[in-house]
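A single chain comes next, written as structure tokens; it is the form predicted alone.
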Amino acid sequence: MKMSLRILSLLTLLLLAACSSDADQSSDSEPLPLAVGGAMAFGPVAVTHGGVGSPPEWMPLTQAAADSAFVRLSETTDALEGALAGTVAMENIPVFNAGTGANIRLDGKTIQMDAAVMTSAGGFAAVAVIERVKHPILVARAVMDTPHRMLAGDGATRFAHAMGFADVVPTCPEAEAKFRQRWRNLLAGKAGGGYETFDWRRAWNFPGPLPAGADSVTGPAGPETGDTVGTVTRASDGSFAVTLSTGGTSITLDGRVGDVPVFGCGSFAGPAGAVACTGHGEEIIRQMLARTVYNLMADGLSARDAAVRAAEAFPAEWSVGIIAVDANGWGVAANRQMAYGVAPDVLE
């Protein structure tokens, strides 16, 4: 049965790719760099992303995270448990901008993270600008068991430690390298996100001064890779869940909150499916993007078509990636490269 489902899913992928190719040839718009999906109408499903901009070389990592989510789904038949497993796996991998690999802020010290969880039964919880924890996604899950829906800043951090989460600064050499690259981009006027013209020196709001030597970092500017990481799942009982975790946009003021913990923006789940987004958080918030994609699925579009439509409509100057799962299958779309994983692995 498992092999038959994989063959069916592979044939569906090929058919969708052919149809997409025909549509692209008849359209004046540029095709998306990533637009895939397929039918998978039976059993548990997990889809992961490593953040828009993450290179294809990271696909084994996102696939391993999807496999972890799928194993947990199979063990527990709980959509949220599966989604947590997928995102925790990526928080443990330093190349991703979440948990262990979360971005270091411009002060060279602060690591502020956001995370959110949601189920198709309506459960939602989030943490914003939390510090000194390794797995913010698990803290968000713990918030779900409180009377609240979001905790932020020092309160979120103290709550995590009170609940038994270790007091650790989740830094690593990969994050240090990204920090140096971030300063090169900022000084070269290639920071993106509006920082090319924004007077960030005047707006500096970190507790201390610029980190020693940062204002004279030399070397070529270049792109950063990776953003928010996320997992969407469907359990064998047809329920859905989504988890999302991030170290934040690469260059921000102290205390910036992106789309991840904002209800309906970075993630959404309901009876029609689950959606996780990645990309330029401010624009994702403006579009309430995850809820927009979910509404398309609720109106009858497949997970793939809903993700593609939303990604195509996203302003081309901003990066975006979307993963989704519904009762009949899954979909992935992005206007930049993006590593993703699907389990069961339809291309295995």
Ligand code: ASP
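Values in this document were obtained by computation on a predicted structure and should not be read as measured data. The numbering used is simple: start at 1 and walk along the sequence shown.
The discussion below concerns the form predicted together with this ligand, not included here.
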{"query": "Listed residue that, although this ligand is not shown, lies within 4.5 Å of it in the predicted complex (heavy atoms), from 110, 249, 120, 185", "finding": "249"}
{"query": "In the predicted complex, residue 91 touching this ligand (heavy atom, 4.5 Å)", "finding": "no"}
{"query": "Contact test in the predicted complex: residue 233 vs this ligand, heavy atoms, 4.5 Å", "finding": "no"}
{"query": "4.5 Å heavy atom contact, residue 228 and this ligand in the predicted complex", "finding": "yes"}
{"query": "4.5 angstroms heavy atom contact with this ligand in the predicted complex for residue 278", "finding": "yes"}
{"query": "Heavy atom contact within 4.5 Å of this ligand in the predicted complex, the stretch among 57-65, 279-287, 34-42, 307-315", "finding": "279-287"}
{"query": "Sequence-ordered residues of 36-58 touching this ligand in the predicted complex, heavy atom within 4.5 Å", "finding": "none"}
